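To begin, one chain is listed below as structure tokens, in the form predicted alone.
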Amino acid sequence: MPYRITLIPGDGIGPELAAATRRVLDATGVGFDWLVVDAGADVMDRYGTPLPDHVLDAIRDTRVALKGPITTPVGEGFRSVNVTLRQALNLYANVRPARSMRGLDTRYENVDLVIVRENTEDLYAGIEHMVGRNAAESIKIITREASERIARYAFDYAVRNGRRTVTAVHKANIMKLSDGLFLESCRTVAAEYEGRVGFEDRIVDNMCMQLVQKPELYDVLVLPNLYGDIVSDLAAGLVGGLGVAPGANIGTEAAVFEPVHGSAPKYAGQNKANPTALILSGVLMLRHLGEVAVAERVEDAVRAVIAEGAHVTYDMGGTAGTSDFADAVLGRLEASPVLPA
């Protein structure tokens, strides 16, 4: 039976990236039954919202979705579709690997980080209001339940994937109650994994410095929502930028896989955008579905094309278009056939 997958192409460059990624995934031999639904700025006029109810219903039905980037206005307009999706579907764990790739011009080698970010609360809970005419207030929510849940996810991930250490990232030296509760929750969960996975903690500003000085010392990082958003972008910068950064949003009832980067509307329709991040998000989806051998095959194909450098997009120093890059990955897949599980 094919896997039923909700596909949300997104807006801006999203539809081009989604088309390229779909071609790659369909070529693996794994069967997919794609349920294509639209969300984002392009559907506002039609539905009055960037996230119509039928999109959420589709994800609840298939339980797995692959999503292209969606525009989020800065300082005005509708709230982030990404944040709303995560909260509406209780996708509490945001997972963003950052792994060095041969062929990318970066300052670092042998980076292999996994950012595990709490996805439902913190300042992103969206509880904010004006305080008088010239001041605004946002309320930071940190709960023991959500903190222990994300810490346990990080430790379970480390056990499943043979990782050595989980580092909790916080600002508990200043925010002693909220971040203090997050750190306390991580320490409580860490005690359950003693002897199997190491544990340490870092203050978030120091963590940023450590990552740009010696990222090879770190493995799995677990963070509250806001810090996770910031540090995951920093980690992407260590390995080549947002164009190669995949992401997963995991809950108990559904999972949504998406690139970390934005929708870059000024490049829409130009066949220029780099599809690597969305293809690698598809790799994370394959692993989630249990198609581990196929996931490794696709990832190896992407890495080989980037290492070779002949068919890469402008942001990686090449002249290939979105579809050309996908064609090159397809060529690598055809040269290394592996039957799906």
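One-based numbering along the sequence shown. Quick caveat: nothing in here was measured; it's all calculated off a predicted structure.
Missing here is the form predicted in complex with nicotinamide-adenine-dinucleotide (NAD); even so, the following discussion is about that form.
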*With the partner left out of view, is Gly262 within 4.5 angstroms of nicotinamide-adenine-dinucleotide (NAD) in the predicted bound form by any non-hydrogen atom?*
yes
*Examine Arg196 and determine whether its closest non-hydrogen atom to nicotinamide-adenine-dinucleotide (NAD) in the predicted bound form is within 4.5 angstroms.*
no
*May I ask you to state whether Tyr267 is within 4.5 Å of nicotinamide-adenine-dinucleotide (NAD) in the predicted bound form, using heavy atom distances?*
yes
_I'd like to check something about Gly243: if you look in the predicted bound form, is any of its heavy atoms closer than or equal to 4.5 Å to a heavy atom of nicotinamide-adenine-dinucleotide (NAD)?_
yes
*Three residues, Val116, Asn119 and His170; all within 4.5 Å of nicotinamide-adenine-dinucleotide (NAD) in the predicted bound form via heavy atoms?*
no
_Within 4.5 Å, heavy atoms only, which of Leu284, Ile306, Ile70, Leu51 is in contact with nicotinamide-adenine-dinucleotide (NAD) in the predicted bound form?_
Ile70
_The chain here is shown without nicotinamide-adenine-dinucleotide (NAD). Which stretch in 291-299, 41-49, 272-280, 56-64 comes within 4.5 angstroms of it in the predicted bound form, by heavy atom distance?_
272-280
*asked:* Just to make sure I understand: among 106-134, which residues lie within 4.5 Å of nicotinamide-adenine-dinucleotide (NAD) in the predicted bound form, judging by heavy atoms?
replied: none
